[in-house]
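Next up is one chain by itself, shown in structure tokens, the form predicted on its own.
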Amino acid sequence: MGLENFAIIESTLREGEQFANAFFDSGQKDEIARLLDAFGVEYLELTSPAASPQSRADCTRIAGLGLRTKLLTHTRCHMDDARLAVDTGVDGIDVLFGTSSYLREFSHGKSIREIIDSAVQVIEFIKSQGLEVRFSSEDSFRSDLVDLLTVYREVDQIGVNRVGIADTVGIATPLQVHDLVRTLRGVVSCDIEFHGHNDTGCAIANSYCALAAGATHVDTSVLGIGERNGITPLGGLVARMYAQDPQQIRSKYNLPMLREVENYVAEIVGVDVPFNNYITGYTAFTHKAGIHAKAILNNPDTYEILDPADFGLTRYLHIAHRLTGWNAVKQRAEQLQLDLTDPQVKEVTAHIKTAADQRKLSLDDVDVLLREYHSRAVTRESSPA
């Protein structure tokens, strides 16, 4: 797949539940699932049915909603968990096992050989039930490379659908991700999934580099919510991939749905959509400096790599400030149906700048100045010589 054809595994209903403020009731889970299905993600990942009785009920209920997207659940690489997951009716099961020295010593205490033996048993069982199965190492980037490749090679040989690389603590750099995925691509024939945490701000770049190196699937969550600082945000990945190939992303996803699902999730978890959020932040398509505004009016491509119209949004030219330019002020005058010549617009722009040097202005303030200037101009023109 890679950059030409990749799949999103949307994990708001699994990783997102691990966000500090998250509590999704059953109705909210159903609505999130429906919104993400309408957006067009290829997979939804749900919390393990072994987590709690309600988690198990939620898996079973969402599996019965008739969504177009494939449903996965995420479990430990353990037969008890796998059996529970199979019974929920999901399309596939994502299993994981910690492979770093930290997790092997301080978490489960298993050797690499024991990890492989458990993985083979669980994967073969899930495959026997006709379900898709992914095996992921946990804390991949603090794991020994030989250990990782040994595990991945063996699970690939028994027919796992995907192997997963997890930057569990957000330590990886884009170059490290690219190198590991490229190396793994030469070892396995199955698909490769990347799960990247954002502790050091690299999740989107790491996800992009994983795809560039041969990965096929990327995990995301709405607004990036998840454990600690979360994972690759859905909107951020979409923005990055849109910049790569707009036509591909327009054809794959219902882009105007992004704002709705982000606002819905933000409200549930009690956060605001950040002002600089990818695509939907309130400043994402705001242009302020005069030279920017002039260029945008002539050709939006000069300062916009994303077309707001594709996402059901509009650009905004901010003119109520000392940096404003007369071209933007002229556009506002035209919007207000005020007939002013270019010299007149330049004159009123100078007044706006002077006022903005004294205090913060609003668009209403600018509109008042424009109307007052227009009124005086009309009065002068109509007065007898």
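Given the structure is predicted, the values throughout are model-derived calculations rather than measurements. We number the residues from 1 along the sequence you see.
Form predicted together with a small molecule: not shown, discussed below.
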- How about E138: is it within 4.5 Å of the small molecule in the model of the complex, going by heavy atoms? yes
- Item | is_contact(L96, the small molecule) in the model of the complex, heavy atom dist at most 4.5 Å | yes
- Message: Check Q18 for me: does it contact the small molecule in the model of the complex (non-hydrogen atoms, 4.5 angstroms)?
- Response: yes
- Task: Although the small molecule is absent from this view, report whether T168 comes within 4.5 Å of it in the model of the complex, heavy atoms only.
- Result: yes
- Option from 201-209, 128-136, 275-283, 309-317 whose residues, in the model of the complex, bring a heavy atom within 4.5 Å of the small molecule: 128-136
